[in-house]
Ligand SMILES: Cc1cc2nc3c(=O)[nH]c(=O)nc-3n(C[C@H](O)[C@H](O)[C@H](O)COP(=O)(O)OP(=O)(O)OC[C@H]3O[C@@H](n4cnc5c(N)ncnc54)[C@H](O)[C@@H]3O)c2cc1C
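The form predicted alone is given below as one chain in structure tokens.
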Amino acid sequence: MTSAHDTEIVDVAVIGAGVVGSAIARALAGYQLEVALIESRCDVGDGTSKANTAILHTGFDAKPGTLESQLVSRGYHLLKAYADETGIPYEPTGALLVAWDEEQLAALPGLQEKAAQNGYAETEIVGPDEVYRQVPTLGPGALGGLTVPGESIICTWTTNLALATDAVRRGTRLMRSHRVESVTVGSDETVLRTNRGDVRARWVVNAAGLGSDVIDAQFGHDRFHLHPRRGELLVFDKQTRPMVDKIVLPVPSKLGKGVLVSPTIYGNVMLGPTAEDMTNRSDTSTTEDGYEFLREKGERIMPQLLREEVTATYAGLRAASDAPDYTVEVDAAQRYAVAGGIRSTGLTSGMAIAEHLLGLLEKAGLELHEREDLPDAPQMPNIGEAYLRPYADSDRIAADPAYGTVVCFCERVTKGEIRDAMNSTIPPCDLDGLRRRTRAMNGRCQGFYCGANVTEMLQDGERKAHR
């Protein structure tokens, strides 16, 4: 990481190291450009990108003809290929939309037609017998459903980290804990004033998530406005995983997409999210009302699940925009681009947003000359249950016994994995960052047993890094 106090000018500064910003920085670093990736928090992917339903979407239900529809569809294929290349864990579980009343049942043909307009033709309308054959644990009263076999679950944490790691290995300067406070646009360069000094750049890309409208306003624009929408989720014990082998989706209504039940890449089952419009852009607290709302919905969808143990609750903030579509535009006169109002679909569409934006930047005058010396894509550690984990890999343990020393027993995280995270290209800055890289302290005891040991290993790694 490079200090923001350097006097040299970078070609492009990307604000925001979530999925979208990291994807953009990675794409830019594939060309002969000096790129800086600026993040206000101490870690990448620590904002809206870290807490969502973690679904790799086909884009079947996006509004046809929108930029979001186009980019989610394209991003689905790009991210799937990238996950195969880098080892990002994902599982092609498929999904089933369930109709619980006549109005929802009547909406299924329209949803199937929408999917076809979005280029996805693999859906099928099924009756109640097939619904219960696919998901026997559903509550009574389902009238029919729509299958979406291409939907998958994916690790959002590893996705973000892989893109950012790739960007850094390609030469991007990652500036963590740099909050952009003001902007001064000059004739040849823009000065971004941060809490840790100035960053000078010829071009600026705004991918600041929930803060992207604030940055956009500093460039003189007033084209979209964001507010946080809090989504709370319940995570159930791993013993519930056999109940749910695919994503169970509600039929969307005018009030939103509703509450889903989904397996997670880590072997749990998730119920949620809520959708509460907020004014505080940092309030990710969970609430009693949210908990009760989800339990009420869960009793209808899958009452058997509600008899099991909830091991964690968490909340994430989504960027709700007053614009009807993504805002991905370039202001050539100011050498400025924005990727704002990106909803939770940004996990899937992030790489496609980057691809699309680079095309716009080139048309606006940014010279793009491909590099011929790109490093190989990073190989990410597997923290998903569908693949071989280090604790169960006898060959790996034989080569390095640290992978046979379990530190977090709930999630079976080993000493070798924590050591690797601390020595990685982008090491964690705190326990939450270590949790996202390894799953340590993410199990049913929530760190009660392993917390002291994990904390000591984090602190020891930080001490070694500063020697």
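Predicted model, so just to flag it, every value in this text is computed and none were measured. All residue numbers refer to positions in the sequence shown, first residue = 1.
Although not depicted, the form predicted together with the ligand is the subject of the following passage.
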Selected contact from 263, 290, 378, 316, since only one has a non-hydrogen atom within 4.5 angstroms of the ligand in the predicted bound form: 316
Looking at 33, 441, 51, 62, which has any heavy atom no more than 4.5 Å from the ligand in the predicted bound form? 51
Is residue 145 one of the residues lying within 4.5 Å of the ligand in the predicted bound form, judged by heavy atom distances? no
Taking any heavy atom pair closer than or equal to 4.5 Å as contact, tell me whether residue 172 reaches the ligand in the predicted bound form. no
I'd like to know if residue 98 sits close to the ligand in the predicted bound form, meaning any non-hydrogen atom pair within 4.5 angstroms. no
4.5 Å heavy atom contact, residue 167 to the ligand in the predicted bound form: no
Which one of these stretches, 384-392, 338-346, 295-303, 196-204, sits within 4.5 Å of the ligand in the predicted bound form when only heavy atoms are counted? 338-346
Taking the ligand as it sits in the predicted bound form, which residues of 23-43 have a non-hydrogen atom within 4.5 Å of it? Please list them. 38, 39, 40, 41
